[in-house]
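In the block that follows, a single chain appears as structure tokens, in the form predicted on its own.
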């Protein structure tokens, strides 16, 4: 029996096999299915006819408040009403409505996923849950079948191992490191691969900061981005997981398609330039680019650690007069923690706009639209053309760098403010 990767062991267990190999097709039971806007899934049910319920109402999770904290027009309002009715009609027990926050944070925070579980979702960033050792992979129209059967087929992927060692310099965050990794692997360097992250650097990160790596795996083309469960994860899940679980760990002789080893101690602040998230440069190469909007939030920047980093820059300072700064906590729990730590006051006193939890101006569904020719820097995961409107540009960076740009009115090294 050959050594198995973390991904292979989870797929083998879920499909009732002793071991699996890259390229093999398996059918596995699903522990959780995530959706943020399942309107067209419910339309599929109507076309099928006779559908009375999903396979397990406790394992289908809908985050209707993922893209907006309030509907911005009649079409969105009607769509959310349709989703609410559909959840009741088909027995879906977990509906996170307006103002509850980003679905990916909620899936982990509310214990809908756990170490060793398998989750699928209709959002491309479903890979996020790998931060706790859950095999999580995006799907689209296939989720209709999963909602009815509770099973999904997978082609077992080869695995890339990314080992991260060392301690970063002051002012260099997990987003900088993850951006550096994404730049090395590229937009399709992990196409239908699993990516497993390990090393002393990963082990020192909080769960929300680990999520940045697992989530950005999808920007490499990866099927899932995985990390083994350590004591931090197990303690976190003890009070959150909705069921007992057995973590899965890779074999010591597991076989990898590629091993990438990085010493993070020499890294400088990074930035993704338009037009895609993998276009990574040193922040120093784009210093001086003027910005009209700075956004701290999103599923790679809405955690409590991200808010603390941004607040460290903003404390006692003001947002530049030519900049709109938008701060969006990932969930209500994160917002409550911001309030208890005084972070909300820091941002408000600096002149930032703070909204209820949701994914923010990442897709321009709710608020925060850019005008033609404007530039935004943000902590969110994507900067694809047209995502912020016509003739606009998006730079992606750490909370430190984003907050520094809000103060300076241009992209600048955040360490001058630390």
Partner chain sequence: MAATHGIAWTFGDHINTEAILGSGKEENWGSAMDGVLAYYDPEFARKVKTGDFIVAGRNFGTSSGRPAGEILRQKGVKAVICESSSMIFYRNTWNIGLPVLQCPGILGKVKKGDEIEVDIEAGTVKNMKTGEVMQAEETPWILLEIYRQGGMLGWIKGRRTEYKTLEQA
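Numbering follows the first chain given and starts at 1. Nothing here was measured: the structure is a model prediction, and the numbers come from that model.
Unshown form predicted in complex with its partner chain; subsequent notes refer to it.
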Review point. Which one, 375, 352, 61, 54, lies within 4.5 Å of its partner chain in the model of the complex by heavy atoms?
Key: 54
Point to revise | Contact residue in the model of the complex, from 311, 92, 139, 161 (heavy atom within 4.5 Å of its partner chain) | key: 139
Exercise for review: Kindly indicate whether 48, 148 and 276 are, all three, within 4.5 angstroms of its partner chain in the model of the complex, using heavy atoms.
Suggested key: yes
Practice item. Evaluate residue 365 for contact with its partner chain in the model of the complex, applying a 4.5 angstroms cut-off between non-hydrogen atoms, and reply yes or no. Key: yes
Point to revise | Contact test in the model of the complex: residue 188 vs its partner chain, heavy atoms, 4.5 Å | key: yes
Practice item. Using a 4.5 Å heavy atom cut-off, state whether residue 124 contacts its partner chain in the model of the complex. Key: yes
Point to revise | 4.5 Å heavy atom contact, residue 96 to its partner chain in the model of the complex | key: no
Study note, to complete from the structure: Exactly one listed stretch (280 to 288, 263 to 271, 151 to 159, 326 to 334) reaches within 4.5 angstroms of its partner chain in the model of the complex by non-hydrogen atoms, and it is 151 to 159
Check your understanding: Taking its partner chain in the model of the complex, which residues of 217 to 243 have any heavy atom within 4.5 Å of it?
Key -> 223
